[in-house]
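Below you will find one chain, with nothing else, as structure tokens; this is the form predicted on its own, and questions on how it binds or moves follow later.
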């Protein structure tokens, strides 16, 4: 016994010793009231200092796993509720096996079936990967983030480590409300809820708007964000997709669908700026036309404020919620995750005050509140004026990569139709005979992977000749090399 202790990493050795002995007690290797080796003896057995063992024994006492008898040493405490692992089926053991798969409900089963990450593309180290559209962490200004954390802790200290509010950290809410007002949004009658990223906010809105007596019905662009498709389906919504044109959703088809079924739809999900996956920015004319239709048919709109800051050229285009004026029919879900620090997991929902009131209660019931530390760091970072400086730098770098990726596609994939007005990716449409899953397999053998585009379409079998090419985390050399390899493999299919 005590021969298998291994000191690992930079963790305090006393804690490692304490946890090692604790595991022996829980497994039954050390019995109740058994005397532990003396501190001098244990230090020799484990090859650690005696002071380390003394601290570990004190920790065991604090945790209720040991007790000391003055002048005699330390002993194993009797434990309630622990059954030794080697007792097997002995009387008093509660070991039994449950078939958890058989107990999963439809929601859990569907979540696995729709989980693209579990079905994701696996590739060896060194592969050129165009699958990510996350920001490049090399651009993160760590010094400014550290300063924001220290500044906020100096102001509020221990308060930030306690429970926060379900609605969110008020200084951040106030800042983001002004931020949205600067985008042209009329804040009359509106309020905001802070969430743990876009996805949580979207899921909460869907759960609040899902009809109780029947399946819901939603209208969206086709293709669209696969995470949105997953969550809409998990919440029981039937999806109707409207094709995309070069300047956004096909308004004529949208109107035709609404005229045919004027009372069917419970909501619309739209990404007007730097649409995922096509990268298209909806034109001002189409924004007005879409809002006119949504108003006429009284369909609430969930607007995904995806990548709005990554505009590389052209004038600012107001979000749909800004075109709604004092109207309350648009729910805007925002996040800086694709631009700034996705690890902070902070997003927001801006909408009618009555809606936010209900969402606040849903939030409190589910997760109590979004991390106050995360919210406060983001707030101080924004307050310090770092965001504009960072976005300017990020915009320049991503624009350069965008232009390099676009030029490489035009050189090596001349038969391909490109879309993407900004953001962190391009969407490629090949001639109809090309299957991008088969193309992916061929490219994977050559050390290149990408995201097949069919996962962004509503119906199975759609978009088999499309792919999304994320360039944000790929080096210049690999961008050109990877696209050249895709082009070489494509010629074999054509």
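Positions refer to the first chain, counted from 1. Everything numeric in this text was worked out from a predicted model, so none of it was measured. Rigid core here is just the name for the largest C-alpha set that superposes within 1.5 Å across the two forms.
Heads up, the form predicted in complex with a further copy of the same chain isn't pictured, but that's what we're talking about next.
Novice: Under a 4.5 Å heavy atom criterion, is residue 72 part of the interface with a further copy of the same chain in the predicted complex?
Specialist: Contact with a further copy of the same chain, no.
Novice: Hey, in the predicted complex, does residue 384 get a heavy atom within 4.5 angstroms of a further copy of the same chain?
Specialist: Judged by the heavy-atom cut-off of 4.5 Å, residue 384 is in contact with a further copy of the same chain in the predicted complex.
Novice: So, in the predicted complex, is residue 216 in contact with a further copy of the same chain at a 4.5 angstroms heavy atom limit?
Specialist: Residue 216 lies outside the contact set for a further copy of the same chain.
Novice: So in the predicted complex, does residue 370 come within 4.5 Å of a further copy of the same chain, heavy atom to heavy atom?
Specialist: Heavy-atom contact with a further copy of the same chain at 4.5 Å: present for residue 370.
Novice: Counting heavy atoms only and using a 4.5 Å cut-off, do 111, 294 and 344 all touch a further copy of the same chain in the predicted complex?
Specialist: Each of the three qualifies.
Novice: Tell me, which of 78, 123, 256, 418 has a heavy atom within 4.5 angstroms of a further copy of the same chain in the predicted complex?
Specialist: The option sitting close enough to the partner is 78.
Novice: Scan 247, 397, 181, 403 and let me know which has any heavy atom within 4.5 Å of a further copy of the same chain in the predicted complex.
Specialist: Partner contact (heavy atom, 4.5 Å) among the options: 181.
Novice: Residues in which of 271 to 279, 410 to 418, 316 to 324, 239 to 247 have heavy atoms within 4.5 Å of a further copy of the same chain in the predicted complex?
Specialist: It is the stretch 316 to 324.
Novice: In the predicted complex, which residues of 48 to 66 put a heavy atom within 4.5 Å of a further copy of the same chain?
Specialist: Heavy-atom contacts to a further copy of the same chain in the predicted complex: 58, 62, 63, 64, 65.
Novice: For residue 486, state whether the C-alpha moves by 2 Å or more between the shown form and the other one after rigid core superposition.
Specialist: Superposed on the core, residue 486 moves its C-alpha less than 2 Å between the shown form and the other one.
Novice: With both forms fitted on the core, check whether the Cα of residue 58 differs by 2 Å or more between the shown form and the other one.
Specialist: Yes, the C-alpha position differs by at least 2 Å between the shown form and the other one.
Novice: Is residue 438 displaced by at least 2 Å at its C-alpha between the shown form and the other one when the rigid core is overlaid?
Specialist: The answer is no; the displacement is under 2 Å.
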